[in-house]
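Next up: a single chain in structure tokens, the form predicted alone.
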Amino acid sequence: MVIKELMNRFFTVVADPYSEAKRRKEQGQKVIGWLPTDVPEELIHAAGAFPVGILGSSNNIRLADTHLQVWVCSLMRSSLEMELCGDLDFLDGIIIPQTCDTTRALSGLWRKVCRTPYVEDFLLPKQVKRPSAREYLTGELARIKTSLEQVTGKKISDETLDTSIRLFNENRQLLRRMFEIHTHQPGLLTSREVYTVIKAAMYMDKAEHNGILRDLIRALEHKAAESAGTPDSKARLVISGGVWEPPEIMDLIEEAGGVVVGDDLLTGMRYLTPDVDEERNPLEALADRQLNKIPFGGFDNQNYERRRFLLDLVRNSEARGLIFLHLKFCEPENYDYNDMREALNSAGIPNLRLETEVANPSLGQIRTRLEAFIEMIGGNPIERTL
């Protein structure tokens, strides 16, 4: 019952994601949004503002389609739709990381057609292992730091930034511990519950999220000790892509007999890893965190190619297969897909590609394909009541 009550708190947040941001706004605090997901929230927090993720919505897209082509991914179109409809009027600013052609175009468009007072780009190096990448990124973070100081009127000292880094590191560590418990005993939390806790972290005050998460972990560890050795017949799966949208995807995976035990999602493990080195210059440490993140379609890491990362992830998590969860028209994922598929096929790892949208997905077709795939690799489906 304790676990259920704690999970209900996270589900309540995700169901009404901007209630805390609006409350902070009413109290006079600046609210700075960010698009997924490499934006250094620690800088926003250290500037005295409230950072909040802008992750689109399931509402129909109308106004945004007058500014963006229909072949732009639904995550970006629905996020712009929210602003044009007035759903993001509480924002004092937004930071947009330039991770693809769409986000590069979106930042200029947001400035032109939206009411958000402060719109900032986060200009990321594409070749993360070049000798110049670290120096460049440290300078880019310093530029954003200065712009946030101007917007909020608060100086960001090294001490203040160090405090924010420690808070966010603790959140990442707690989330990873929760995920570790889930991968060892997936019967304790469903896949959707796990990713709901992660998504809630993008909307909540980090200190509050940490407190509830610590209670959840204690309850999970107690439950895990009681149920140690209980066999689980679900097919262990890795998910690769951008975001776990629509949320019902996780329900369909579990109903078909699968469980997610690893990912490289922007709203998953890419958000949780790595930590920031707390013993170094904070801006340099933030730059190194960015450069050492897990591979993603928008960045090139010659020292650890994404195809090798995915092979290692499947093997280390003891997964039976991998599901590519791709937003329709996502350029980086579409570009990477063929190479990733060939690498998995060569290694004998079963894989399936699902194309989804944030709004109005075709869940019936997705259900059928998931059931067939999980039956093929082995997994006991949950009997549905008709």
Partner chain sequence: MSEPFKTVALMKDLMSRYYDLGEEARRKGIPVVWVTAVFPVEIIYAMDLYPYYPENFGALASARKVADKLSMAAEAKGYFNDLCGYARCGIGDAYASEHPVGKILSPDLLLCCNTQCGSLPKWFEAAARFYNKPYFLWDSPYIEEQTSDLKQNYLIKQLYELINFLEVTTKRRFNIDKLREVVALSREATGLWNDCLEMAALKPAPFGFFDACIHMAPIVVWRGRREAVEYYRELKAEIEERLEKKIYAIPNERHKVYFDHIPVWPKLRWFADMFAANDTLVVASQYTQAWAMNFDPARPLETLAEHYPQQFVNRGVDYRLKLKVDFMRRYNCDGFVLFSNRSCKPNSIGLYDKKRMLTEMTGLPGVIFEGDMSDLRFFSEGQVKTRFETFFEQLG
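Numbering follows the first chain given and starts at 1. Because the structure is a prediction, the values reported are computed rather than measured.
Another form exists, predicted in complex with the partner chain; not displayed. Remarks below refer to it.
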For this chain shown on its own, do Val14, Lys293 and Ser317 all sit within 4.5 Å of the partner chain in the model of the complex, going by heavy atoms? no
In contact with the partner chain in the model of the complex (heavy atoms, 4.5 Å), from 177-185, 207-215, 135-143, 254-262, is stretch 135-143
If you check in the model of the complex, is Leu344 within 4.5 Å of the partner chain, heavy atoms only? no
Proximity of Ala219 to the partner chain in the model of the complex, heavy atoms at 4.5 Å: no
I'd like to check something about Pro350: if you look in the model of the complex, is any of its heavy atoms closer than or equal to 4.5 Å to a heavy atom of the partner chain? no
In the model of the complex, does Asp101 come within 4.5 Å of the partner chain, counting heavy atoms only? yes
What is the one choice in Leu311, Val151, Leu123, Ala224 with a heavy atom within 4.5 Å of the partner chain in the model of the complex? Leu123
If you apply a 4.5 angstroms heavy atom cut-off, which residues in 327-347 are near the partner chain in the model of the complex? Phe329, Glu331, Pro332, Asn334, Tyr335, Asp336, Tyr337, Asn338, Asp339, Arg341, Glu342
